[in-house]
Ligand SMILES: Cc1cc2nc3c(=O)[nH]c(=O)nc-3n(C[C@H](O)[C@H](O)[C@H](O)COP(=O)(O)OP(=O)(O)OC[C@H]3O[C@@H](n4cnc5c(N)ncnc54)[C@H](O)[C@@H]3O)c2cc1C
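First, one chain by itself: the form predicted on its own, in structure tokens.
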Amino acid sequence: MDFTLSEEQKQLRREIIQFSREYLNDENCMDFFSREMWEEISQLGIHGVIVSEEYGGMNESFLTGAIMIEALGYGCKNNGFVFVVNNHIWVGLNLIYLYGSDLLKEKYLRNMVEGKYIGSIAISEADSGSDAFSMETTAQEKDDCYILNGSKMFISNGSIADVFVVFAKVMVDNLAQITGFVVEKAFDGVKCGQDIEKMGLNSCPMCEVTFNNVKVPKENVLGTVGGGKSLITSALEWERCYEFACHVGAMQRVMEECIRYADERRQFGKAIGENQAVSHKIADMRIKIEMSRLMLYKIACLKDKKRNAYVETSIFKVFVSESYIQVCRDALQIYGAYGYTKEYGIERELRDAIACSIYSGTNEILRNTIYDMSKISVL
């Protein structure tokens, strides 16, 4: 695979970085969702990066999308806001674009591309996290709609979302089959709970979303009735690639900050970067970044070829999440006491990074997946 970037891709990357630095790094917006920043990035057009021009998108390749999301993670220090954007694009808008009927696309896509609607995905429940298929939310067919009942927990973008991709069990031939639905917050019976206080990613709201006898039109079925398991698998594949693409950019940013600090900070008459205990930490950061970027671009190329990349995204997610956490841990160590203070932002980077070993499937569960898939020879 040739990962040489075209001039257009390089220009898009530069534009995303410049835009992010100029409009998305307000220090006063690190702990809450900024509607103003959302409106700014919506005008940029990044929401529709892979969507066809028919629905107002940019019609770019998945590789170009990966490059742009990586650049967003590099240029924007507000990791929670980047998380909002990625949830909206890859497991909200993207699922409707890839698997929705023409009617659903006409109904929602353009407004989501333009940022008028914010998207979210609702899979997890209080008692079904890693074991997602044991969900208890149900949808019962009635006349021209489905009656949705249940609750979803830890829903990112929950309190700000206008459109949810919700998964529930539907009785099909006397069997409970998981089905995807596009549900508007405006539907009667949809209720979002209070924002959940978290360790990090504070500018991405998270809450419980409950559904009490919500009437969902049959036209709002996503994909096919009973086809929800494959949709969830696909959603996780997209999520594990693109929600972690931004972490590659974030690691690059943190490494560069460490290099600057190691050159400026002097102890015992020399820059601390001259000590191997420091320089080797930075070298390890570079190794992690390069390996992560190579795998990101490989996965994006596979998706451009319409290839399955479930095991590759599982490996990528585990590697990037653990690399990202370690990069931030080492950055805090390099900065010492200054890193532990809020002034330099390193402690916030670490708090934001910690959760990535949990969301999109815990690394422990993904190692089970990787082990099972490793039994199948690829040579």
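This is a predicted model, so every value here is computed, not measured. Throughout, we count residues from 1 along the sequence that is shown.
There is another form of this protein, the form predicted together with the ligand, and it is not shown here; the text below is about that form.
Chemist: Exactly one residue in 122, 254, 93, 241 has a non-hydrogen atom within 4.5 Å of the ligand in the predicted bound form; which is it?
Modeler: Answer to the contact question: 122.
Chemist: Please identify the residue among 161, 201, 139, 250 with any heavy atom within 4.5 Å of the ligand in the predicted bound form.
Modeler: By the 4.5 Å criterion, the partner-contacting residue is 201.
Chemist: Name the stretch, out of 327-335, 350-358, 63-71, 23-31, where some heavy atom lies within 4.5 Å of the ligand in the predicted bound form.
Modeler: Selected stretch: 350-358.
Chemist: So, residue 295 and the ligand: in the predicted bound form, are they within 4.5 Å at any heavy atom pair?
Modeler: Contact check for residue 295: no, nothing within 4.5 Å of the ligand in the predicted bound form.
Chemist: Is residue 101 part of the interface with the ligand in the predicted bound form - any heavy atom within 4.5 Å?
Modeler: No, no contact at 4.5 Å.
Chemist: Even though the ligand is not shown here, does residue 261 get within 4.5 Å of it in the predicted bound form, heavy atoms only?
Modeler: Residue-level check for residue 261: no, no contact with the ligand.
Chemist: Indicate whether residue 362 is a 4.5 Å heavy atom neighbour of the ligand in the predicted bound form.
Modeler: It does: once the ligand is placed as it appears in the predicted bound form, residue 362 has a heavy atom within 4.5 Å of it.
Chemist: Would you give me the residues of 79-115 that have any heavy atom within 4.5 Å of the ligand in the predicted bound form, in order from first to last?
Modeler: Stretch hits: a single one, 83.
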